[in-house]
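Below sits a lone chain in structure tokens, taken as the form predicted on its own.
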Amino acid sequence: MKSRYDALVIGGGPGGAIAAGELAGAGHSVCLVEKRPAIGAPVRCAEGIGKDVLKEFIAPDDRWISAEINGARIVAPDGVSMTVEQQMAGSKVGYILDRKIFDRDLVWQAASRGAEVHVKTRATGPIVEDGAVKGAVLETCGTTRKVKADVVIAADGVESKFARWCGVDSAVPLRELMSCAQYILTDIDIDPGLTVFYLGNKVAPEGYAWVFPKGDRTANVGIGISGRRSRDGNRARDYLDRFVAAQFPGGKTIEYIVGGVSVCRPLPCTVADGLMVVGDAARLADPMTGGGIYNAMKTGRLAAGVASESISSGDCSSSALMAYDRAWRDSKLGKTLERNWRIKEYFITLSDEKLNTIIHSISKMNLKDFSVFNLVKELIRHNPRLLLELKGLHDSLKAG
């Protein structure tokens, strides 16, 4: 490890890997550090991603595709369900990944483009000079060293500390932090090409349960609940155990993971002098679904493009890096995040009876193109009173 690079990337997930690879490919010296001893582990993700967005970054590879998804089912609290078939979902169907292999592949690609990679290397604090971030203090194998860089990209996930150490307020309100637990279950009866989502306050208060296939008779089975609803006897794992006992009593658990997902609005600003924040560290997970793989890769690429220009021009001030913040906010991604946050804020207020009514209505709709946007538009068309309940959502939908 050298003492200076053009860019230092903290975090070896999809956002960090894409950022490091893009910068290295542009001819810059790049160091990517990951605090864990292995890229991609432990997995803290349901591992789903759409086919259409994945191909923006990498060609599908059977080595890291656990299942190909052709549709989805949404189950209401009363058990009534609606199924979104492939012809309705179109390009929005996707894959269930094996993140342990997928993440490593992305990092290997970054390394092949010239990025230097160091695992089991933890950032313990920023180097700040005249108010600007100029690198980080790194700890690796018991050794501490200072590494300087023109730009530091914080891609250290939902548990991100680096941005906070740099003075960025990255706190997530408890009510907007999803507490999640997930098992990999095997020997269970599932449709291997269908993801299933279960709604209801008894199943997962202010959240949902999911079944994401990972092959024949094996799936990621998890639950996310609002952090404010978590308490002794009713934590995410308690809800998950009850769900599994009811749905998959004979299932065998081969892996267990826990973690948090932010479902809040993004950080008010994702740059500072010498600093850029991407992916989950910037609170860019989808507030409706908690999905964040694509958002991390998208913002990682956008950040790399702006960082490259700033490094080349010798101006890595916040005003120069602000082009990144504007780019993702003005993009379809930024507008979708704001819209889905508004929808999420509405849905978490619903009783099970209201959720039943909505799912029953959806099951009768003829949606040629299924999306959150079209779904809510159809709900409003069939039930104009929703406009009053959704308050400012309609204007957001029209703008998006």
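The numbering used is simple: start at 1 and walk along the sequence shown. What you see is a predicted model; the values in this text were computed from it and never measured.
Here the subject shifts to the form predicted together with a small molecule, a form of this protein not shown in this document.
Of the heavy atoms in Ile10, some are within 4.5 Å of the small molecule in the predicted bound form. Using a 4.5 angstroms threshold between heavy atoms, Ile69 stays clear of the small molecule in the predicted bound form. Using a 4.5 angstroms limit between non-hydrogen atoms, Val33 touches the small molecule in the predicted bound form. Mapping the unseen interface onto this chain, Gly157 counts among the residues with a heavy atom inside 4.5 Å of the small molecule in the predicted bound form. From the list 69-77, 157-165, 302-310, 108-116, the contact stretch for the small molecule in the predicted bound form under a 4.5 Å heavy atom rule is 157-165. Checking Leu240, Val211, Val271, Ala296 for any heavy atom within 4.5 Å of the small molecule in the predicted bound form turns up a single hit: Ala296. With the partner omitted here, the residue from Val93, Ala236, Val261, Ile190 that has a non-hydrogen atom within 4.5 angstroms of the small molecule in the predicted bound form is Val261. Using a 4.5 Å heavy atom cutoff, none of His28, Val151 and Met276 lies near the small molecule in the predicted bound form.
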